[in-house]
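Take a look at this one chain, the form predicted alone, written out in structure tokens.
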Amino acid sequence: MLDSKLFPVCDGTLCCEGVSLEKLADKYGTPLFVVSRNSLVNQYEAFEKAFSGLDHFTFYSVKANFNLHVIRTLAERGCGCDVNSGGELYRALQAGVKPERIIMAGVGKTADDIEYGIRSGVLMLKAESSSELCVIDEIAGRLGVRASVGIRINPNVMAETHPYINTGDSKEKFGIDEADLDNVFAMIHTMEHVELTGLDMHIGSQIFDTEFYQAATEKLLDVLTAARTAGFAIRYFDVGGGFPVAYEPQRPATPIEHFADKLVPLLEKTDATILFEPGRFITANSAVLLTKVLYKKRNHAGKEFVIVDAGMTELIRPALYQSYHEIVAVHQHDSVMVADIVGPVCESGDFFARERTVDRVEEGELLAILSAGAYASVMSNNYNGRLRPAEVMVDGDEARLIRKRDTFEQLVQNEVL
């Protein structure tokens, strides 16, 4: 949930830090993403404090929110970046992140992605198949270098989360199956241009139960023993991300300290630098999506609809994952109604809430869709010819535009008649 100190209600109006959301909507229009800079900093520092007893380094998973100002805000605090493509690597470098503070993941990195990562000097490439290891070895050889590589292990731990964000089960596409490790280790020994420096796992996202992390970490510790027995000097032990955040009041997130209590006693035995890759944990509750009520209507059965100017093109999580986002009126109300909050896109799946009790807003009023800082703006698109929204970052009493709204001209600029 949002930090009420960073998203306070001032004189009956919701604010971001010291700035009225209504004033931001008046200045920049809607839909509009509004990010609290201090929320990003506070979450990062809370994570660092929880694991301060470990020799560790934190790499922000930029897929959660890759705005340059979000990346730079965290990099200025000492955070690195976990990237999944050449495009994300480019963004991290443009934001000023040093390449030695970047690790490059991705189950389907292209040869161009791999070469870009090696040429840039990233700390480590994470390989997820034997075939990818061969490609890395060939490219590194052509470039005359020895590539620092980690292998992602699929620990076959089925976490209790949405199936689309469960990534540690052997039925999914991610990582190298633990049953194949002997063959993989033998193959790496024959490679002249691959140096195995790290082991990695990632069991999914929104994992509330610490036991899943403990079980997966214990499996990766067994792999660490096997790798060192096979003669590899493993320097990095990467347990990934997926730490939970609260989206709805009735399901509070497991405190990050509880994960530290479980993991630190295991991880301090590794004699390696522990790597973490939080993304959603840092950004999810740092932002809201502001949207204006366009129309209200009631059907013959008495069902209420609130039609807003944001849609699945701005925030696809409810349609894709059946995800819950709290929705509040920017101006406080004394009365409520039960309604569907829906967008303008020509899909029945274009909704933010079904049969939700919400403030009794009228046409022209503003709603704030909360917890919109992760997997929202990064997954926005131009379906129906819609313009991706502007983004604003607030720091105290100051607000700055960090992404301009799309223009009609941009919709066609790459097309050739």
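So that there is no doubt, residue numbering starts at 1 and follows the sequence shown. If you're wondering where the values come from, they're calculated on a predicted model, not measured in any experiment.
Although it is not shown, the form predicted in complex with a small molecule is what the next lines describe.
For the small molecule in the model of the complex, the listed stretch (374 to 382, 33 to 41, 50 to 58, 360 to 368) containing residues with heavy atoms inside 4.5 Å is 374 to 382. Proximity of residue 237 to the small molecule in the model of the complex falls outside the 4.5 Å heavy atom cutoff. In the model of the complex, the small molecule sits beyond 4.5 Å of every heavy atom of residue 90. Residue contact check for residue 197: none of its heavy atoms lie within 4.5 Å of the small molecule in the model of the complex.
Mapping the unseen interface onto this chain, residue 314 falls outside it, with no heavy atom inside 4.5 Å of the small molecule in the model of the complex. Scanning 270, 148, 206, 217 against the small molecule in the model of the complex with a 4.5 Å heavy atom cut-off leaves one residue, 206. Proximity to the small molecule in the model of the complex, defined as a heavy atom within 4.5 Å, singles out one entry of 80, 155, 117, 279, which is 279.
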